[in-house]
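Given next are two forms of a protein chain, the same chain in both, each as structure tokens and marked structure 1 or structure 2.
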Structure 1
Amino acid sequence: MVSDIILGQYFPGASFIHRLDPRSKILMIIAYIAAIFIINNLFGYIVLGAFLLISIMNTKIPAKFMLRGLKPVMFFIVLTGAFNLFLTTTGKVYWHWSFLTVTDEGINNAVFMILRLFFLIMGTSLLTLTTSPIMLTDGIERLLSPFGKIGIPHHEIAMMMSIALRFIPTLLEETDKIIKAQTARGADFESGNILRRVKAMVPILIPLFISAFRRADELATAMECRCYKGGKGRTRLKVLKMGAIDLFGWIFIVVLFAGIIACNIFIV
């Protein structure tokens, strides 16, 4: 049950996209998100779709696995689509019932909203699936380092993020274990009213909190034993380096933008 969550999961590989510098990748995702919102007609989405498809095929991540990432947010996508479809009142009216109206503009908005969300989720999960958590936080730390001068603790932020990411699978595993242990003792999470169900969670939450605090304490001690004292003066084992591969990546992004802007200008 818990294993369905692909949040923060990393899909190991050695593809072009896997090997990109995490800094490039983060900036590219930002560019990609900007592209999603620049597009104003369906042809632009075809270009973007082709770009996404090529990227996914390059990473060799099975499509089935990618689509699993949509499952938890499916509800929001459907809801957003439905709101746009039925509640837009401007434009040519096709159908009307009580407060629900379907107009050409509504259909348009709904389709665009669903496409935007779809591309947003696919693109960002591609980032987390192809970048190991350590690389990701390294990249974020380096990208944030200019802000260090104005007092933003960029190293601490990155360290907190990497610890949080590192412990997602551990805590999920722990939760799974505790759920199993209490199930073996006859705990029942599925029947009864809301109050009873909330009460049934107590035997899971208390051990989970205790173990999270214990782990935090142990980790802090372990870090202190290894003389951790923040980011000042720390050097890295693996220094991030941009290379030819990143240049190629950026050429692709530029081509993508050119395509999208062309679609925006020439196809009305």
Structure 2
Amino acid sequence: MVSDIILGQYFPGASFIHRLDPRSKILMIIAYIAAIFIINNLFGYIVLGAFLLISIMNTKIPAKFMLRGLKPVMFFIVLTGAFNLFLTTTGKVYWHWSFLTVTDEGINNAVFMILRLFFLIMGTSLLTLTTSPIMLTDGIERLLSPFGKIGIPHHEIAMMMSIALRFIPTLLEETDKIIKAQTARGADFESGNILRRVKAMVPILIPLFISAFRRADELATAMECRCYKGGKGRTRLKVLKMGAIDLFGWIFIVVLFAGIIACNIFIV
């Protein structure tokens, strides 16, 4: 389960999406998220699904690898859908028992919520899978640079965000190793009630926190040894520059929005 989390991982490649400027990709993901929440019918999600499928095929990331990222959050997706399905009381009633009710509006809300979470996770995962941590840091920093004029430490914020994303796979790998080591020593994480399972997590959490603090200290020492002093005067190996490829990317986003808006207006 731990190894199924793909957030923060980078999948190297030379596809159209890989070569986009990180600033464009970040802004496109924001536009993509906005598109998810303005859709009001299933046809809009079909258009969005086609756009996402084309994007995944372009990156050459295996669909099985992408879908694997849904496994750790599948329980929460299903739970959210169930809440919307059984706790929505407005609309035509199809079934009722005690405080549980199934209505046409509840079915509609549940389907829409599940689809929104699905597209949200898949789209945001695509950002980190196609953007290296360094490029992501530079992109976030450049987008936040206007806030530096009012005293907001934009470089430090970008650095913290990128380090957090970068260390997600590392900490997950460390967690997996600890679980296997504790299991080999006879630890049981599967049986018993909820309270017992929570107590069984203590032998995992303590060494994980110790490992995380040790890695943070090693990273701080490495940055100091390399005379890191923040964003002021910092040079870059690759200078960000938008080109024609970013223009084509924005054309695709505009076409996506046009298709979704057309579905919202003309399809009821």
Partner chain sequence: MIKLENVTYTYMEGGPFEKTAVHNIDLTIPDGQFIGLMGHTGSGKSTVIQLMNGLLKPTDGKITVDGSELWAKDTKMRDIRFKVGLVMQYPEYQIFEETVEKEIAYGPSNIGLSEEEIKDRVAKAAELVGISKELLSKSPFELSGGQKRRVAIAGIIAMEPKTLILDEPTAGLDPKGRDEILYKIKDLQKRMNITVIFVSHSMEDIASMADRIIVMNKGRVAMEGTPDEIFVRSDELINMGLDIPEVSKICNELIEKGYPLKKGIYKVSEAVEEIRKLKEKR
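Superpose the two forms; the largest set of C-alphas matching within 1.5 Å is the rigid core. Residue indices: 1-based, along structure 1. Values in this document were obtained by computation on a predicted structure and should not be read as measured data.
Remark: the form predicted together with its partner chain is the source of structure 1; structure 2 originates elsewhere.
A displacement of 2 angstroms or greater separates the C-alpha positions of I178 between the two structures, with the rigid core held in common. Core-superposed comparison between the two structures: the Cα of I56 travels less than 2 Å.
For A164, the Cα coordinates differ by 2 angstroms or more between the two structures after the core has been superposed.
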